[in-house]
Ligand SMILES: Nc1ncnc2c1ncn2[C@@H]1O[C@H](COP(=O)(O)OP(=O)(O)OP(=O)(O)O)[C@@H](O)[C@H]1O
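What follows is a single chain, given as structure tokens, in the form predicted alone.
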């Protein structure tokens, strides 16, 4: 496996005591489309911006296409096509003018490719950026990022302002372009159905730490749901197998356990298959519990 994005012991602290991320260990392999999931404040945007060199590490190190973004930000930027959370467009420039401008700022930018992508998304080239909806702005941002022909695509919550049809079009175009180019993409998103449609790997961040980093197929194969409280899950699978518990939509308790992908012949599998959303929620719940326990322990030591 060739690693394209790496974080080793990475931490970022703002001011004196506020850690956005700490002790992050993860590797994004070449050719993958990886989902980065976590609640607000979990450090997703900080991690993405750090891989481009827009943020400096407080501790640990990062690698972006084999480059340390702190030591050589220019080289890191050249390896990345970036779609920020809020489209970085100039209100008074048309879409066509944005494409021309990008061509003057980025070596190797493919203006014809950008125009084709914008056309496929039914956005007029003559439209001013200030006339575009939030979703259309995000789609233009994607077209510009893809036209850089960068080997790494970093997308920071680009789907937040898109309606369901626009999200489907955005993801279809992104997957098609990444697969055709043999590129690597990291997509930050809260929408689990979109992740299942587009991504093959999953990273879950919570309270500044990596909670899960697996191929999606492997995550689904190795997790099961016990419909009951933690005590029932422990009885069935053992204490070491319990990940976390959370309420179902109707309020009844559900518990996620880690299990082998294959069970011995004649043995009934524990519980039922877990959905990707349930896997994410349970790991986030476990991360929140561990953070609360650590905070109580720190308060006890301080007292």
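Positions refer to the first chain, counted from 1. Keep in mind the model is a prediction, meaning the values are calculated, not measured.
What follows is about the form predicted in complex with the named molecule, which we do not show.
Stretch-level contact check against the named molecule in the model of the complex with heavy atoms at 4.5 Å: of 22-30, 59-67, 273-281, 43-51, the positive one is 43-51.
The three marked residues, 17, 157 and 190, each reach the named molecule in the model of the complex, with a heavy atom inside 4.5 Å. By the criterion of a heavy atom within 4.5 Å, residue 253 is excluded from the residues contacting the named molecule in the model of the complex. The named molecule in the model of the complex is approached by residue 85, whose closest heavy atom lies within 4.5 angstroms of it.
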